[in-house]
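What follows is one chain in structure tokens, specifically the form predicted on its own.
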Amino acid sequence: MPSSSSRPQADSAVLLSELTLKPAEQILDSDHVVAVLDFAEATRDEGSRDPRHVVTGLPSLFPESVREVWRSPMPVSIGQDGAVDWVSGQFGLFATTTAHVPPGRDLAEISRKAWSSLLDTVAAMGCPHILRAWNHVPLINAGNGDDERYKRFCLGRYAAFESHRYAEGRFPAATAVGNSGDALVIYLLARSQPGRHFENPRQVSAPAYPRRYGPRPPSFARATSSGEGRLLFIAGTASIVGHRSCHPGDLTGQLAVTFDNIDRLLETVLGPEDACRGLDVVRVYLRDPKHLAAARKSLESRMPLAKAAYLYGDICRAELEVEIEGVRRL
């Protein structure tokens, strides 16, 4: 098992990600493992938890028992800071928190507290620069108007960033999708040195969305590269051009726009020659499991070399059927 430590080591090494069918217990036996992301419905047993083991609340559609694993070339250290679990090493810092969302409680306040705890921890650990964040929000589309869960989540996250003086230029690549159960699950990667954040020319920057999308806009970048430039994180990309959703109810149309958005973003960051390879590790979020076959066919046509996990989760906009994210090794 990893040893405990109070601060991360120098963060010059590359974080390696992979998909595997191995049991979580077997994977966690190595002290080079940073995180095991379990694509399953239930949250883990709090009495036997490992800080590196995160149950996302997102069931895997294919492969059914796939897990995403992040590894470090060097051994890692683990610890806990209040409600936040952390893993540190030469890759930087992995931090996660899970918050119960009881019926009738305002998700904005729960989100604010959860994100504030994470921001306090990354600052205390000497890794204040967030590269990538994932937010799995229960019943993300529930509620109407400004009471929609996703809008309440965005309001709380924005308040946390604002109170910790995170300006728009520091917002990381991030995904927010709906999970099962009643737990808000957030995890992130952070470093001592800033990465580079990118926007997509085809899309309005999320922090600049008009008021119709909520009291406070979503706080994320479309992509972020790691400090040494060896990894590029593409945030959850969907069928959005400008700030408007395209092809409601049409999976084929939404997939085409989504892949066009990814291609344009990669071209913007890498140039057309390097962009043509696509992504290396991909997550495909699907609102309806019956769309699995069509989504697989589309991904295998557009990015035949990508290793992919297909997950069952609601997309942040009720009219969208699919969202795709990934990692590109540079």
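Computed from a predicted model, the values in this text were never measured in an experiment. Note that residue numbering follows the sequence shown and begins at 1.
Another form exists, predicted together with 3-(2-carboxyethyl)benzoic acid (3EB); not displayed. Remarks below refer to it.
Among the residues Phe220, Trp86, Tyr158, Phe233, the one placing a heavy atom within 4.5 Å of 3-(2-carboxyethyl)benzoic acid (3EB) in the model of the complex is Phe220. Proximity to 3-(2-carboxyethyl)benzoic acid (3EB) in the model of the complex, defined as a heavy atom within 4.5 Å, singles out one entry of Thr175, Thr98, Ser111, Gln254, which is Thr175.
When contacts are defined as a non-hydrogen atom within 4.5 Å, all of Tyr209, Ile240 and Glu323 contact 3-(2-carboxyethyl)benzoic acid (3EB) in the model of the complex. In plain terms, the part of the chain that comes close to 3-(2-carboxyethyl)benzoic acid (3EB) in the model of the complex, with a heavy atom within 4.5 Å, is 212-220 out of 194-202, 163-171, 212-220, 89-97.
Interface membership of Leu311, defined by any non-hydrogen atom within 4.5 Å of 3-(2-carboxyethyl)benzoic acid (3EB) in the model of the complex, is ruled out.
Leu15 falls outside the set of residues with a heavy atom inside 4.5 Å of 3-(2-carboxyethyl)benzoic acid (3EB) in the model of the complex.
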